[in-house]
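Shown next as structure tokens: one chain only, the form predicted alone.
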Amino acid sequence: MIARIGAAVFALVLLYPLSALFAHIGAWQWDAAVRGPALLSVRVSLVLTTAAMLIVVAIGTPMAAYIAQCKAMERLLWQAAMLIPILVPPLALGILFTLAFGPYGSVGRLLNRWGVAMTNSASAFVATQVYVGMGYFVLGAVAALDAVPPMLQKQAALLGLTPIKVFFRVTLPLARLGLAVALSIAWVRAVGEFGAVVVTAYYPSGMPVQLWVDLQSFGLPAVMPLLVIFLAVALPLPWLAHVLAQRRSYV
């Protein structure tokens, strides 16, 4: 009983910041000066983050499948490489990204010649989010694929299925919930990214950058409406995926 009370107190303290949504800061500001840029930032975040996640899944899933079947030492090296973008501080990642892909680097100059701007553009926004979210998805996907019983895959292979068919007919369906959790974590990490995106793609502004702009320009009353939208976009998907994953583990 004492342990349960302690856990409840811990949970209340952990969730207490959410009560700030009901703080008395005066009437929320939602006039034309705030509403227009805020709604545009919602569209930018939803559309471009979705595009980034499609790229993450398309590239990250085969990479995760490869890592999952590697020998121990090679797997360790690949996982260490996936950790680097996660561990680099976001602001530093944004600066490095701009130096590497902006007009200062050879790759950036080449992309500029092809008409692809990698600073303050939709392509810069998407590419930054891919870098931010890829490591989270790949490492989560590796864990999901590891959870699939190897015996089932071996039995499918013995029945004559090619490795590709084994992956799509056996491995992928059994790992789908874990992959959904990995994707949801990558989604919330990317859609909430500020430090790297503010350097590489201050414009078009996504929701995190617009929240900062509104806070600087108008104060807290102008921030609250977009903050509610931001939380509604960022939280439900990973929360629901995690709950479903835990529920299945106990069924």
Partner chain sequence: MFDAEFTKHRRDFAVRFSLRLGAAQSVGLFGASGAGKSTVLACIAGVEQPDDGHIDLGNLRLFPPSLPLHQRRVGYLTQEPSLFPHLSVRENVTFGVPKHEMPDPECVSWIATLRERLKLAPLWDASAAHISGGQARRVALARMLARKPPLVLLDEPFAGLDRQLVRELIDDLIFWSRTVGFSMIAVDHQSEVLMRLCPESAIVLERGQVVQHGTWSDLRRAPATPLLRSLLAPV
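Numbering follows the first chain given and starts at 1. This structure is a prediction, so every number in the text was calculated from the model and none was measured.
Keep in mind that the form predicted in complex with the partner chain is missing from the display, and what follows is about it.
Only one segment in the set 72 to 80, 95 to 103, 122 to 130, 145 to 153 has residues whose heavy atoms sit within 4.5 Å of the partner chain in the predicted complex; it is 145 to 153. Taking non-hydrogen atoms only, residue 169 approaches the partner chain to within 4.5 angstroms in the predicted complex.
Though the partner is left out of this view, residue 110 does not reach within 4.5 Å of the partner chain in the predicted complex, counting heavy atoms only. The partner chain in the predicted complex comes within 4.5 Å of no heavy atom belonging to residue 115. At a distance threshold of 4.5 angstroms between non-hydrogen atoms, residue 84 is out of contact with the partner chain in the predicted complex.
For the partner-free chain shown, 151, 152, 154, 155, 156, 157, 158, 159, 160, 161, 162, 163 of 144 to 168 come within 4.5 angstroms of the partner chain in the predicted complex, judged by any non-hydrogen atom.
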